[in-house]
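One chain comes next, on its own, written as structure tokens: the form predicted on its own.
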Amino acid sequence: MKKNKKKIVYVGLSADILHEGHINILKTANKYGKVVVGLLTDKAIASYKNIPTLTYKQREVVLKNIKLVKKVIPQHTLDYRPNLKIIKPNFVVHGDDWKTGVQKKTRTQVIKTLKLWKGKLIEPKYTKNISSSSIKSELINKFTPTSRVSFLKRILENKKIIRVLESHSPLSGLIVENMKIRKNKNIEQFDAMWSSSLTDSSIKGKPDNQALDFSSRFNGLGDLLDVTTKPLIFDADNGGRLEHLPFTIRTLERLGVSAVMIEDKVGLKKNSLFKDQSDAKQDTINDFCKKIDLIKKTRSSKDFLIGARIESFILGKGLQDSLKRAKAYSEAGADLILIHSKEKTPKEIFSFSKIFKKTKWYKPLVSVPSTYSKTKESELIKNGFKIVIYANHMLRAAYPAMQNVGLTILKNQRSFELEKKISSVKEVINLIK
């Protein structure tokens, strides 16, 4: 044991929710020498799964106060090698669960790196029937609106781009919540949900002109947020009357919404994707800034984000008007800038971002590629965008599917022909835990 006092043992951890598995790893590591924990940063964790519940600072405080741990340093990526090459540990300790799955490649890299100074990998048996993910699943019913509000801001700080999908019902929200795929050894998923005024109106059989009042939308929103954990951005159209805006913001925060998006149009709403916008009017810069300022003063947390949607391209006012408004909205307190376009290519929004991202007024940019759908997320990242919203696709997919169901039953006078094309009852039942 005296010999081990000079040995260095490296342990990489996320440590979002500490459990007996982590303690077993740290106890094993402590037997071999002084334990240095490489604590994965929020950005490192977000690269392969959901943002952690606790911030890096909060997780660091916990680990520093565990007597088994000698030192805590940040590990900025899933790759152990940068830290290993700096501290050259005698041992790395990790549970044997990483022999397969997303971390298999990381394990191979660790083994090769340790060989450079004759280090050794120690792999205690993985503690069965317990994981941070399973504990988080059990805690979903204790997830508070206050803690939920801040999640979008944290993801914004730790991911290259936030992928947002429209959710118009609790069922569609559960699909967004649980959908994951493995692509190029990464886990791809949606980071947040979008509550669209268009889809909310459509499922109620009303036109997209603010005929559906906020109270009705809030009722549906509460049901959606009851069964999901991902952050949500609320499409508030132009926000309504200035006098009513504080009540809207307080309700959204109370429900656990992470951001509100308001557009700089006035009067009776007309969907921006209509070709004829001749009767649509844009708000004055001064009056729209008053709305932003009022939201800023009303919100109880700075983690509740204010999004300003600029309609200048939609109304044919061009680049300079867009930039002028973006500067003013940013100065007024907007946290996000959505530059809207109905063109078939992203050329005009990229002309905007090219200039705006270099200014001192830059705020994270939001894209809604409903018409320029060929644009890859990698192109948006390259051009300074931080959020992409797929704003109406879930409802657009559901509509033709439901039409097809009805027509097929009418044609065949039975449902047998549909059974292989639709979800089984069992699949739907299992979606709702």
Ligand code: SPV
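Only a predicted model underlies this, so the values are computations on that prediction, with no experimental measurement involved. One-based numbering along the sequence shown.
There is another form of this protein, the form predicted together with sulfopyruvate (SPV), and it is not shown here; the text below is about that form.
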Using a 4.5 Å heavy atom cut-off, are 150, 230 and 253 all in contact with sulfopyruvate (SPV) in the predicted bound form?
no
Taking 4.5 Å between heavy atoms as the contact cutoff, choose which of 108, 271, 186, 301 touches sulfopyruvate (SPV) in the predicted bound form.
271
Answer key: of 177, 335, 283, 208, within 4.5 Å of sulfopyruvate (SPV) in the predicted bound form (heavy atoms) is 208
Could you tell me which stretch in 322-330, 190-198, 289-297, 167-175 has residues with non-hydrogen atoms within 4.5 Å of sulfopyruvate (SPV) in the predicted bound form?
190-198
Is residue 235 one of the residues lying within 4.5 Å of sulfopyruvate (SPV) in the predicted bound form, judged by heavy atom distances?
yes
Indicate whether residue 309 is a 4.5 Å heavy atom neighbour of sulfopyruvate (SPV) in the predicted bound form.
yes
State yes or no: in the predicted bound form, is some non-hydrogen atom of residue 363 no more than 4.5 angstroms from a non-hydrogen atom of sulfopyruvate (SPV)?
no
Find out whether any non-hydrogen atom of residue 391 is located within 4.5 angstroms of sulfopyruvate (SPV) in the predicted bound form, and reply yes or no.
yes
